[in-house]
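First, one chain by itself in structure tokens, the form predicted alone.
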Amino acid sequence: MATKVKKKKTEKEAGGETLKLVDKQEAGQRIVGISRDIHNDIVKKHRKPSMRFPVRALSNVRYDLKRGHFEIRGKMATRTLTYNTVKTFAQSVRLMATTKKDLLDKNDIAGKREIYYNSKSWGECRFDEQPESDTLLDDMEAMLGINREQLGYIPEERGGDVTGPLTVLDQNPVTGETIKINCAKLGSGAWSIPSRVEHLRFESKAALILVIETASLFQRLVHHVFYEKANCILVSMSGVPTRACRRFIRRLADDQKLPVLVFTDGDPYGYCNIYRTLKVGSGQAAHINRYFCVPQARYLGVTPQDIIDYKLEDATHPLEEADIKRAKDALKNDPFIQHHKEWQNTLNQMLKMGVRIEQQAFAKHGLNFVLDHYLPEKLKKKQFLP
């Protein structure tokens, strides 16, 4: 089979839609446009200026099956300059100015923590605590309709680990020289996803992407070179996937036209937080879910039915109150769960059984049962949850 090689494009087809990436010039123009409106309100229209941005909450999203992710609804929040909001308003304006002048115009980057400390030179509108600056950064991202990575902000958290039949074409940030990274030639280790992934290109002969929740199981699969047996690219999430991890999987899957299968613990957190966030996004980030969701993802396991099929009843744990609450909340309020009868049945079966199960439970039948039997059987049957 010929190796598939595709170059990065400014527009990407995924989930039935076209994604247009915003360049630094356009991002700067959007900031200038908002700033001009504020100036005109004050100087020309003699009225209190305001900023409007989408409400970031699960109550303001809907599940768009065609696009494959949570879409923002029409609820908007307005921040008007008043006596009580003068500091927050000034901080918002100063944050936009810093973003354009220090990051976009200079092609530089910054972490959220750096912006918090940078504000100490802003005089009376400095941030007292980092949660203040984090919130306003999210507001600015929603208002501009641009994910903050494109604005020059880098995540603080790690992006995830990758191994298998994949060559990543990265570049030297100073010289621009192309650097080829063969993820199958890293010995007992794996390649770490960088904080920014838009510039990456890929070469691969893999048949699928297998995304793993826990680092320990990922390491077992790496140690036994499972990616050769299954001809798959392995990606470790280490819990709820970071934005960089989600964006990487999305770009790789779109670019190489690969199916994505997800393997998490069999509990409400694995279903409704980890998997759901990867596949369709979240209410808090609904304004940019189209960039970070992976609509082609399917859920491999662990399911409540696996407990029965693989005789793991004595390797489970009772559901805790938090698990029960999370499952019931999802059944009642989550648009994704409400849309898919298969997920409703899965959650109800789990609640009826009253137990949760971890990925490592298959070790009951032997340390390598998961890679010798469970995963191959699941991949062969191709019976995945949506």
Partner chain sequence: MAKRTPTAETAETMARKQRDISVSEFFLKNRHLLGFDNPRKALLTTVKEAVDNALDACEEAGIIPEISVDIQQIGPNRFSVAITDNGPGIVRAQIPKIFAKLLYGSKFHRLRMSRGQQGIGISAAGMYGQLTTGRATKILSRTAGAKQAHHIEVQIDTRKNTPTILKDVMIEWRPEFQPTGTDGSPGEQVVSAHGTCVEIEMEAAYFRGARSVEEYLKQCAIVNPHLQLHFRAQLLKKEGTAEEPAPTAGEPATPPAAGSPWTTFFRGVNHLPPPPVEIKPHPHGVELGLLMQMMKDTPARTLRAALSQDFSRVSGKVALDICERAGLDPRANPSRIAHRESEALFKAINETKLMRPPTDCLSPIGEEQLLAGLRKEMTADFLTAVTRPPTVYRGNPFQVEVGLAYVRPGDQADLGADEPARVMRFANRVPLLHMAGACSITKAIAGVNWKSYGLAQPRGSLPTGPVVIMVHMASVWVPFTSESKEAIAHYPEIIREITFGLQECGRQLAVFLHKRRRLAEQDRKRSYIALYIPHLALGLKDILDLSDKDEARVVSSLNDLLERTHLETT
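Numbering follows the first chain given and starts at 1. If you're wondering where the values come from, they're calculated on a predicted model, not measured in any experiment.
Unshown form predicted in complex with the partner chain; subsequent notes refer to it.
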_For the partner chain, considered in the predicted complex: do all three of 307, 317 and 369 come within 4.5 Å of it, counting heavy atoms only?_
no
*Looking at 269-277, 95-103, 160-168, 288-296, which one sits within 4.5 Å of the partner chain in the predicted complex if you count heavy atoms only?*
95-103
*Partner proximity in the predicted complex: residue 177 to the partner chain, non-hydrogen atom cutoff 4.5 Å*: no
*Mark residue 224 yes when one of its heavy atoms lies within 4.5 Å of a heavy atom of the partner chain in the predicted complex, and no otherwise.*
no
*Wondering, does residue 206 line up within 4.5 Å of the partner chain in the predicted complex on heavy atoms?*
no
*Using heavy atoms and a 4.5 Å limit, would one call residue 89 a contact residue for the partner chain in the predicted complex?*
yes
_Heavy atom within 4.5 Å of the partner chain in the predicted complex - the one residue of 328, 47, 52, 340 that qualifies_ = 47
*Only one of 65, 322, 42, 58 comes within 4.5 Å of the partner chain in the predicted complex by heavy atoms, so just point that one out.*
42
